[in-house]
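In the block that follows, a single chain appears as structure tokens, in the form predicted on its own.
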């Protein structure tokens, strides 16, 4: 029986206008800053706001308006949503609606799941957000349920089970609503899960389709796996894609193959480490592009997929782009998947570049030795990547992508093939020895303003610890992000100069947003340390950063 989900109501209702978000509202979300209705602050996931009341000159007057306790010591990675003066925020065990101007709780719906659920979660007890549509909030849960809640009351409308946690599956990402379908993904490649995307009916939760991201025997792409796909697994889809309503295409990043050890799965291993485009109504794949064939390094392809119009060769082209975990910045044609640019934006030693004609990486000798035998090598970036799940932002005003990058390498060696040939679903699918290599500078993270077409940084700001938070750009000339040591910061988007910071009680691994109410601009972010870096990478700088989740909103100080 499904564990109890209880709605705790405070006895007053939301206004009827809060129920009115529509297809047009979602489509225009990036241009209507009074509300934030979508993950990524718009279908294009640019995380850019046209608001400029808070700007280079005024940001020094930014002060807390309120904070709200999430009552949890797990990581808070979620992006808040805003509709008609109400903020909606998710955590691993709850969904909350609060008054946007006061921070007072309106309703809270808790989620209980079996304690054994956490045994097969590789990278943190977290949730990253929700979707809103026609009076309902949609989210996923760690124990692989997809649920719909009434936005007015927090009461559950429907609840469907998607997969089995005993097999290593989990759900941490935000779903999206695209062309009348709720689309969501799955985590679990580290436990041998066969990855998928799926579409659900918004009214009932009925599964409409499922698109597996690794093929079964005899299916298209199975020829790129040993034994015709008989043992194909991995390809999880644990972060959220973007949607182009004009093309009616959803773009989604696909994760690593399983196990990490490549010796028993020689081949390209489609569609792992790929960007795919598909129809939201049917799940039909329209095109794919694979960044890291036969990936041995856990260089997941799931990072944020940002849409933009870029001038290339004197012509404006509609592109989708990604700061890849493997260290290359990719720019592709949205309609066709044609590769337009691919350049490293951090130190990369596993490949000597990307062939633009074939789209394939030019492997180094060290990389080839890992694929062919159990060689030990030093390589960059580490399994954490050139960046990780935390989303970048893009400003159409500067033409720059703002990315929290990582500066870490690793000593890497696959274990003998015999140790990975008979792994079962639900067991750890690693099969490698890894030791992190840290830079001599002592700076593990660098916030960079990157030219998408060249991969070069216009400016960069180093940090002792890696920043594990998303970024947000605004028309006020600002870039907001947070640090694992708790600082919430604003930088000049043209120069990288830090203009403002505020110390929150815990580390920031969330995603900032900005919004407007009654003619005033506000900025909102979660604080609450956790996630894979904190769990698995020793960092003395974080020794005195306490856990404890909270939601913060800031405003300009009034005279």
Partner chain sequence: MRKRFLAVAFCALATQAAAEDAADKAKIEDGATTYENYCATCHGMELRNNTGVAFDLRRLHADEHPRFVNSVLHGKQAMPAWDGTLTTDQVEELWAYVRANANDAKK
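None of the values given here were measured: they were computed from a predicted structure. Residue numbers count along the first chain shown, from 1.
Just so you know, the form predicted together with the partner chain exists too; it's not on screen, but the next bit is about it.
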Review point. Does the trio 74, 538 and 547 actually contact the partner chain in the model of the complex, every residue with a heavy atom within 4.5 Å?
Key: yes
Review point. Which residue, 462, 428, 396, 228, has a heavy atom that falls within 4.5 Å of the partner chain in the model of the complex?
Key: 428
Exercise for review: Would you kindly say which of 119, 220, 155, 210 lies with a heavy atom within 4.5 Å of the partner chain in the model of the complex?
Suggested key: 119
**Study point:** Per-stretch contact check against the partner chain in the model of the complex, the hit in 269 to 277, 77 to 85, 291 to 299, 111 to 119 (non-hydrogen atom, 4.5 angstroms)
**Key:** 111 to 119
**Study point:** in the model of the complex, residue 534 touching the partner chain (heavy atom, 4.5 Å)
**Key:** yes
Review point. Does residue 486 reach the partner chain in the model of the complex, with heavy atoms at most 4.5 Å apart?
Key: no
Review point. At the 4.5 Å heavy atom threshold, is residue 124 in contact with the partner chain in the model of the complex?
Key: yes
Check your understanding: Counting only heavy atoms, which residues in 169 to 188 are within 4.5 Å of the partner chain in the model of the complex?
Key -> none
